[in-house]
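Take a look at this single chain in structure tokens; it is the form predicted on its own.
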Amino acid sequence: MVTGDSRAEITQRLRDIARDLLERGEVDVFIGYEEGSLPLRTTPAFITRPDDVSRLTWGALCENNLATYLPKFEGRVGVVVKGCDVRALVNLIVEKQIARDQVKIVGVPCQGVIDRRKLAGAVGEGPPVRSVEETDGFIIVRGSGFEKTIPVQEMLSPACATCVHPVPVLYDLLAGDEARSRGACPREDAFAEVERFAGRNVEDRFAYFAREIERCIECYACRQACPLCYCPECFVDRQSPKWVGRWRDLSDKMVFHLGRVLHTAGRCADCGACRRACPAGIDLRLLSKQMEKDALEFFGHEPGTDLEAAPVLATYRREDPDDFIL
């Protein structure tokens, strides 16, 4: 059952907004989603002509965080954002990577996005998927000799289950009815999984992360997909001084992944871009979610919700907690 605006309604609204912004010369490029060349895929669409807005689409497969592309553009940009995406965008504005007056933010009340790995598991091994149709809250997957109908809500990304901002916290235009968005996760439940994991002993927690990180092939796709990893030169690429080796030792992999988690502490919007991009399926979300919980509990800071709030690791106050100092 569809609880919000239909996919067709939002798609048409996005096309109307994009056409209007381009025709009025308010943006030079409009960044949204279009159908991918493979089933289960959409791809970023960069629209510069009003006649091309028919390429735009919307649905549960629109997973990319399009804020990633904003620092790369000069000029005026329109961009489609979900609740988590816009929090990354707010961070980019706060950190002066983009100018607020150069971007038109087009929000979509999000119903959640599909976890493709979860969906692949539900479909199972067999003939390749030939087509995917999204309709009335279901994903219909078709292949040679089979058809499977799967509820969208059962296939959502883990981050969607704990999302407290399904409606973007900042937007210029909203493509949909805010009142009909997917229900927000209650604040008291947002960190339930993290709290359960924290209840395990230290050895178990270390073993879990060691198993995850050991699978890393050091492709750095997670870094490339993250909208907040915009450093001109990453510390792992530096040659002098050299921080991380290329011997594929667990310790070197640990340095990269733990360093990246700390780098995004108090900034990560839990959009899931890193997890989706990883070819090895590594999931460090528990660790980054713990950082989000700590930033909120110790500093009262929620990433990407306030254009006036600097990241916690970029500020200093005399009253900051210092219990960790021996």
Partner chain sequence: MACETRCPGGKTVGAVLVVGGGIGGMQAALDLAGSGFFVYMVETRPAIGGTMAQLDKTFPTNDCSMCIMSPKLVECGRHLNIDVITNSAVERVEGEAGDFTVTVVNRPRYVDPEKCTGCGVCAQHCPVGAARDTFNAGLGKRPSIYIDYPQAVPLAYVIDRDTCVGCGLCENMCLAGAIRYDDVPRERKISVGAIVLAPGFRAFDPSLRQEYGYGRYPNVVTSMEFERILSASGPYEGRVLRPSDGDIPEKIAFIQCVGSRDRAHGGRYCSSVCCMYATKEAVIAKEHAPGVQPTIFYMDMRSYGKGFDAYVERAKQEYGVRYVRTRVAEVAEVPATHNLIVSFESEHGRVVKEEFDLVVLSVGLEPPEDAGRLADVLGIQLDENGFARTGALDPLATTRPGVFVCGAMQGPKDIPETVTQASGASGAAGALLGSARGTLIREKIYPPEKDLRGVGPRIGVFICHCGINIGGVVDVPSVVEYAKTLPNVVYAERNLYTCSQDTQKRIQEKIQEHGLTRVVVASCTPRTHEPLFQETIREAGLNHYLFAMANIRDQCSWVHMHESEKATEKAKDLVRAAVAKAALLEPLERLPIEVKQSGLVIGGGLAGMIAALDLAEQGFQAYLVEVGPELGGHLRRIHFTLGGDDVQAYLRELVGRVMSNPLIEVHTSSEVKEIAGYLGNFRSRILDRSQGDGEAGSIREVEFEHGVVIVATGAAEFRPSGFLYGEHPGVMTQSELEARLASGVWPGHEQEQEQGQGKATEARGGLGPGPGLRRGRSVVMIQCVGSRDDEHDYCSRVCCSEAVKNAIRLKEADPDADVYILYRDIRTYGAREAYFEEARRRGVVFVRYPEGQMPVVLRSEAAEPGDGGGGGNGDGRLVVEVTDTLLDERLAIPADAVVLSAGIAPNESNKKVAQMLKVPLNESGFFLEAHMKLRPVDFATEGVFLAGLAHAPKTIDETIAQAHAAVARASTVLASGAITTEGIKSEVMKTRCTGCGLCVEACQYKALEIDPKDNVAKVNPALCKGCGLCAATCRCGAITLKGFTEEEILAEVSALC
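Numbering follows the first chain given and starts at 1. What you are looking at is a predicted structure, and each value in this text was computed from that prediction instead of being measured.
A second form of this protein, the form predicted in complex with the partner chain, is not displayed here; the remarks below concern that form.
Stretch-level contact check against the partner chain in the predicted bound form with heavy atoms at 4.5 Å: of 96-104, 186-194, 168-176, 81-89, the positive one is 96-104. Using a 4.5 angstroms limit between non-hydrogen atoms, residue 202 is distant from the partner chain in the predicted bound form.
Proximity of residue 233 to the partner chain in the predicted bound form falls within the 4.5 Å heavy atom cutoff. For residue 243, a non-hydrogen atom is located within 4.5 Å of the partner chain in the predicted bound form, even though that partner is not displayed. The partner chain in the predicted bound form is approached by residue 315, whose closest heavy atom lies within 4.5 angstroms of it.
In the predicted bound form, 310, 311 are the residues of 297-313 with at least one heavy atom within 4.5 Å of the partner chain, listed from first to last.
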